Structure formats: C-alpha cells, structure tokens
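Only one chain comes next, encoded as structure tokens, the form predicted on its own.
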Amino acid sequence: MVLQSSLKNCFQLSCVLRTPRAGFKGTSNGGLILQSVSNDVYQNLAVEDWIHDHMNLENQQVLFLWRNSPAVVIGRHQNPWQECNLKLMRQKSIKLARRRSGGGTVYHDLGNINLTFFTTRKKYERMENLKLVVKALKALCPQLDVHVTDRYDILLDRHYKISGTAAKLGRTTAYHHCTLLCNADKFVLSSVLKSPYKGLKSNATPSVPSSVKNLFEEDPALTCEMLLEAIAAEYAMRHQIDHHITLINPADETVLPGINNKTQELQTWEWVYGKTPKFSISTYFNMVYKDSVLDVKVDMDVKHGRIEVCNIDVPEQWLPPALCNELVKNLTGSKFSPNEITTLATTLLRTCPQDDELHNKWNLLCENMRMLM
C-alpha cells in the first residue's frame, strides 16, 4: 500500500535522526519503506547521501525505492571516458552521474528499479538483501529461474544478469543498493555502455560486461509497480513492520534539510568528471583535407579531469608550429571537455591571420580534438 501522506509526518512518528535541527521527534523500531516521487538521478542519489548522513539506524532499517529517467551511473572510482559513450549520451540527453559507492557502471531508465538497503555497519549484509529480492520475485512469479551469485549479482535463467550491486560502508552506517532490470531499453543500454575512446590507459575500476535480460521478457504481464509492491511486502514481512510505502519528495527542504545542496554537488563537473582517477591517452586520428590524408598523434595526461600534459604532433608544413603550440599551451590546465576546446578554438582563431585555408585547417584539427573527449 502506498501512503500519500507527507514524509514529514511519517518521520515525526517513526524516525530517529542524528541531527536534532532536522526537527523530527519520536522513535520506532523495525523499519521504514520509502519511495521517491522524483525520476531525477541526482535527486535520488542525494536522498541516499542524506539518509546515510542524518538518520540513526540503530533501532530501524530503511528500504528506499527509486527509478530514474535515462541516466548512466558510474562508480565512485571509475573513468567515464573508459566506461561509456559520452558523445552519444550528449546527443540523447542522457545524464551522467557519479555515485558515492564503488562498483561498476549501470544504465538507468524507467524500465529499471533501484533498491537501497540502509543499516548500521554491523548489520550490513548484502547477500541477505539480494535473497530477499529473489524471494519476492519468486513469490510474484514462481516460474522465474532467478538466483544470487557469489559476485552478488542476480541472474535470470542461470545466465542473464538482471541486477548489479554496489555499497558504501561508513563508520557507523552502511547502504547496499542494487538495480533490477524490468523493461529497460537494452539497445540504448548496450550503446551507451560502450566506450568509443581509443588509446586510453587508466587505473580506474573497470566494469565487467555481462549479458542482460529484462524480467518482462519472461513475463510480459509484470509491471514495475507490481515488483515494487512485492519487494516492499517481503521487506515488511522480514522486519515485521506494516506494509506501507511512504512517498518522499527529494526536493523538500522542510523534510530533508540541506538536500538541495547535496543534489547540486552531485551535478557539478568537479564531482562527475573531476573525481576521475588520473589517466592518459595516446592515440592517432586521420584528417582528410582536400586530396590529402594526414596522421595526427595526440598524447595527453589527465588528472582530476584536467589536461596536465599535452602533445599534438601535426605535420608542420600543414599547420604552422606556432599555432599548434598555442593550442597545446592553452589546453594544458583546461578541462578535458569538448565545450572547453570549442571555447579555446574560437578564442584562438581570432588571433590567427585572416586566411581562409588556415582557418579551415584549424577548425578541422579542433573538431577532431573535440571528438577525443
């Protein structure tokens, strides 16, 4: 059963918070089931942070249910250029988010359910959480062949991954979150989770590719709402609490003080890209200009998402070395971003001699450099 009453009233009755200024009173044993009314990936990740940072989980546990509009979510220690097709994501307006937990990259859309289990660190047990999900699935559809692996994935038909898992272990609290593929767009999923970038070397945590399948392919009568209800019911039974799903608005500062600051931080370039572990690129690209084909070699070191070292090897008879050196000089220290190089290219072009052929060559080089990002 989904309750439409405000989360504030619910928390006043049933939550213990570490921060008194949040204004909630009362205690409750057992657990709490929350569901986000938002489909924004940054808002929902911010709710995870808020619960982890502010709620006292000694006497109760929390299950948070959420779904997102199209987004790619990378792990805390991952490299987005290594994990996904950023150019395609920009074209399709698919958001990129970096979560606080480790693990691999996942694609979210409204055909995917996300579950977050909050406990104290001492009570953290991801295997039990996944077994709960499997039990709920089998209660709803006894014919489903689903099981949990030693890698904490849930497999369908012993082969297809329908759920990946990740976790954050704090000093006293912890959370484990997992996905559940219901009716996700598998074509988009496979397209955006395929990096086109060549010559990239990184020590960032790599994702492990898997064959995937949607639950709805096994049983078209299923809906996301049915699955959410089944999981909530199983969770309520496990913790001997009322089967109530309380709706939560992740933008409501009166309920979640400071939540919008957390949401904004998760959207910043410094968090999404700047937290990328140091990496390097060593690659070639071909440029076709009039009747000739030129090979251009590019070497770059990138740290905190900014170009630390840059080398562009262009035949000097094709482009004046001074102009190429100026590009290298300005790229060094700048963000490893297509928008950044567009701005630089436009600015530097104004300093070039008024020569149409030179301008065409310059634009061609900068466009190819953009494609590396």
Partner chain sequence: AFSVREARASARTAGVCVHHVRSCSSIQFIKSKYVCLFDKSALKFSHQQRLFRTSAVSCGQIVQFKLSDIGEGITEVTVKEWYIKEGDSVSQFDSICEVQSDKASVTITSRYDGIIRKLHYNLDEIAYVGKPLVDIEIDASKGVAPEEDVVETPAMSHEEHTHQEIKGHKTLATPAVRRLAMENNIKLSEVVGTGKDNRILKEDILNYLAKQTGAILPPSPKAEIIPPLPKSETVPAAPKDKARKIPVPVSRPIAFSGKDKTEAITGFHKAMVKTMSAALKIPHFGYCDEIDLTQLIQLREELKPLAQTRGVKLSFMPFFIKAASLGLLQYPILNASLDESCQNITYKASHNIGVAMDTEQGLIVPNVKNVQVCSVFEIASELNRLQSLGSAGQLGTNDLTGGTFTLSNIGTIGGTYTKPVILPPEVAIGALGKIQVLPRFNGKGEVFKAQIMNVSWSADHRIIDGATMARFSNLWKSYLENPASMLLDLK
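Numbering follows the first chain given and starts at 1. Keep in mind it's a predicted model, so treat the numbers as computed, not measured.
What follows is about the form predicted together with the partner chain, which we do not show.
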- Considering the partner chain in the predicted complex, find the one stretch among 63-71, 309-317, 338-346, 37-45 with heavy atoms no farther than 4.5 Å from it. 338-346
- Contact with the partner chain in the predicted complex, heavy atom within 4.5 Å, among 290, 158, 201, 151 goes to 151
- Pick from 279, 273, 197, 124: which residue has any heavy atom within 4.5 angstroms of the partner chain in the predicted complex? 124
- Query: Does the 4.5 Å heavy atom contact test between residue 209 and the partner chain in the predicted complex come out positive?
  - Reply: no
- Message: Within 4.5 Å, heavy atoms only: does residue 167 come near the partner chain in the predicted complex?
- Response: yes
- Taking heavy atoms and a 4.5 Å cut-off, does residue 191 contact the partner chain in the predicted complex? no
- Query: Heavy atoms within 4.5 Å of the partner chain in the predicted complex: does residue 205 have any?
  - Reply: yes
- Query: Are all three of 326, 334 and 370 close to the partner chain in the predicted complex, meaning a heavy atom of each within 4.5 Å?
  - Reply: yes
